[in-house]
Structure formats: structure tokens, C-alpha cells
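Here we start with a single chain on its own, the form predicted alone, put down as C-alpha cells.
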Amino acid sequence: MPSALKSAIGIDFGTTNSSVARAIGQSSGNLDVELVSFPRRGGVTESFRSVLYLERMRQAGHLRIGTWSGPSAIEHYLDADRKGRLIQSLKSYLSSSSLTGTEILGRHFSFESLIAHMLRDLRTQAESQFGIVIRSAVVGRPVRFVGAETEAEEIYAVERLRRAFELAGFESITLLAEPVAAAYAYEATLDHDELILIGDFGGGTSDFSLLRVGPGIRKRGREPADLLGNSGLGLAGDAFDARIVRKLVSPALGAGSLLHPASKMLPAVPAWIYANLERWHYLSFLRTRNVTEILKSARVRAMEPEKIVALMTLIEEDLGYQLHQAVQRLKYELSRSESAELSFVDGSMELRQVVTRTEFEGWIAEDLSEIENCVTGLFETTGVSYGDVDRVFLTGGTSFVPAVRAIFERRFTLDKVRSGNEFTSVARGLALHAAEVS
């Protein structure tokens, strides 16, 4: 039998991070899971950043566009004197029919081909580590794709995802809802059957599933009725980051700052410029002559010109990734402490400000309400009562946020809420499912 058919590969292609896993048998008859390790400066990581970096480079006397993904994309971007284009969160646009392609550094790329480059790198690294040829996999998908408001848009997103995998060299893929995959990873730890609620919080989506899992379920064979229901919404970690930028960073860079009274107290800088700051990879779009002229004019006439200068520095030195990392650190520290400092010092840019967890939770209150309503809707639709749930398993980076965990601890009690392998549980579950169905 060809080695490609022996492999049980799971691929979690995420908005922010991706991972790949293989299920392998043990002499005891149980399954173990091996994760792909991706090289990075100073070591390896099992979490592959879902980013692309494109840069003009000269090779053998000719100009060409070099393309990198994952950890190497970040490293090339940070090392470059003249920055190319750093692209993130492509998964969030799968349902958008208005984005079929884009021009980057003078060359046209289809949307699917950009995603395919990341997927190809994931595949080749997995092949190198596992020593096998990979042409099929079980692939995670969100319950609801970001921006998909109709069934037609959901179908369109799925078709584009499949096409990207084809371009990356895959001959067949099986799609599985990401929270269901996380449930299978949790199931591997059980010695009894349970009714569980899975909450999978990614960069772009929050997804929930109610299902029955356990050794007894596997032994008798899974049935459609074991999955009681799914729900999801296009909101998660990226939205929380955007709130921090809007409430904490943008005001320090002139948002809300006014021109002198002689200019009729108009805003110094158009709001759309600050909107681009909320997605750090959009910052490079602001490095245009038009934006430069707008900011130069605003600096001269603004009541707080030093803030406009700070914004100009951020854009000119292309510090979007560094700002994003500072925001991530703040969010992480606020998950551990009642207050933390946003500390962003890079190049000639310096921003320091203390924020309390209570302030942060106020900023994301509307998002928390949407997540809670989504969970409520799932239980209303399925007719399951909260007391019937044996365990709640939370995964994904945003599951660390105390206010998110509190939603579930209030409803299900603290002792029922569990988490683990927050960044790789979906890939583990996908691989286990691949082994099961094969």
C-alpha cells in the first residue's frame, strides 16, 4: 500500500495560527498523535503563523518576487530594510466574492493561490518530518465562515478552500467542523462517555458544538445523532485586539485629536486611517503618498501635533507587526493579572500605558454578549439543558481571557470547565478522525 494511504493527517488551517498532526498506532493498539515542528529562529514551534511575506529580490541578475510563509515570513519581514508585503488573516476572506485576487509588487495573484502557498509549505514540512507523501487530509473548517451570511456564501467559502488545497498539491480533503475536531482530541483522554460542549476560539471565529463522545461511542460507531448541534459567529481574538487598538492605541496616535479652532475644530486625521490600524497587516496600505500628505498637513494644524508625529513614525517605520505583538502581550498579561502595561518601544516609537482588566472587559462587552447569545441559541435550538452537560472543553487562544471563561463558569460551574492544548487540539482531533475513518 502506498505510504500516502497509510497516513492519518489532520490540518488546522487557522486565521492566525495553523498546525499539522499525524495519528500513529502504538503496540498497545491505541493511537498517538505527532505534531509537525516548524523551524524558527532560536528553536522550533508547533504553531505555524498563517502569514505570507512577499518581497522583490534579485536572483541571477533578474528581479523576482520571493514568497515566504509561517515563521520564516515573520523573520524575513523583520530583517528587511525595505519592507515588502506581509499578509495575514486570509482565511477571513474566503466567503468574500469581491476578493478574487490582488496585485502585489506589480504581479497579480489569485486569492486561492496565496492560501495555497501557505498550505503547500505546511504539507512539505509535514512530509519532511514524517517521511511520507501527503496527498489527502482531514481539514478543519469553522461552523460559520467569517462574513458568510447566507448558505450560498458558506458554499462559496468551502469551494475556495478546497481549490486552495488542490493548488497546494492535495488530491482529496475531508472537512470537519473545528469544534468537533477539538472534541475528538478531548475524547482521547476519557475512559467513559460524556455529553460535552466544545468552545473553539480562533482568530476570526468562535465555534460551539454539543456532542456525545467517549470510548463507548467509538466502539459502537459514531451516529449522526451524537452531534446534537453546532453554532458559530465570525468574532474572536482579532476583534478583541481591534478593541485594544481603538480604545488604547489610536487615541495616543491622534484619534479624536482636533485641528486648531481656526479650522472649525475638525478631526485632525480621517477616521479611516485609524480603522486600518485595527488590523496590523493593513498598516502597509497606509504607506502611500496620499496618506503622507494628509498627515503632514494635519501635523501642522493639529492641537496635538506630537500625536500625529507618532502616527507618522508608526507608518513610515512599518511597525504594525511589532504593535500587534505588544497588543498580544497586553491581552496575555490581562488574563493573568488585574492590570498590565501596554509597552510598545521600537525604533523611534514609544508608547506606554497601563490598562486594567475591568477596562478591557468594558471594551469587549459587546463582543462577549454576542458570544454568550450564540451559546444560548445553541441550547435553545437543541433543547439540551445546561445541567445535562458533563463537561465544557474550551480551546483556542481567546479561551484564556477570563471574561470568556466566565461565560461558561457561570452556566456550568467551575469544575465542569476544562481546557488544554489550546493551539493544537483541533489538529490533534482532525488527525484522530482521519485515523478513525480510514
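Because the structure is a prediction, the values reported are computed rather than measured. Each residue number is its position in the shown sequence, starting from 1.
As for the form predicted in complex with a small molecule, it is not shown, yet the points below apply to it.
- For the residues D238, E127, E112, E187, the 4.5 Å heavy atom test against the small molecule in the model of the complex is passed only by D238.
- Though the small molecule is absent from this view, in the model of the complex it lies within 4.5 Å of a heavy atom of just one residue from F379, F400, W68, F412, which is F400.
- Contact between T205 and the small molecule in the model of the complex is found at the 4.5 Å heavy atom cutoff.
- In the model of the complex, none of the heavy atoms of Y282 sits within 4.5 Å of a heavy atom of the small molecule.
- Taking the partner from elsewhere, K331 is found to have a heavy atom lying within 4.5 Å of the small molecule in the model of the complex.
- The shortest heavy atom separation between R123 and the small molecule in the model of the complex exceeds 4.5 Å.
- Contact with the small molecule in the model of the complex, judged as any non-hydrogen atom within 4.5 angstroms, is confined among 366-374, 38-46, 391-399, 51-59 to 391-399.
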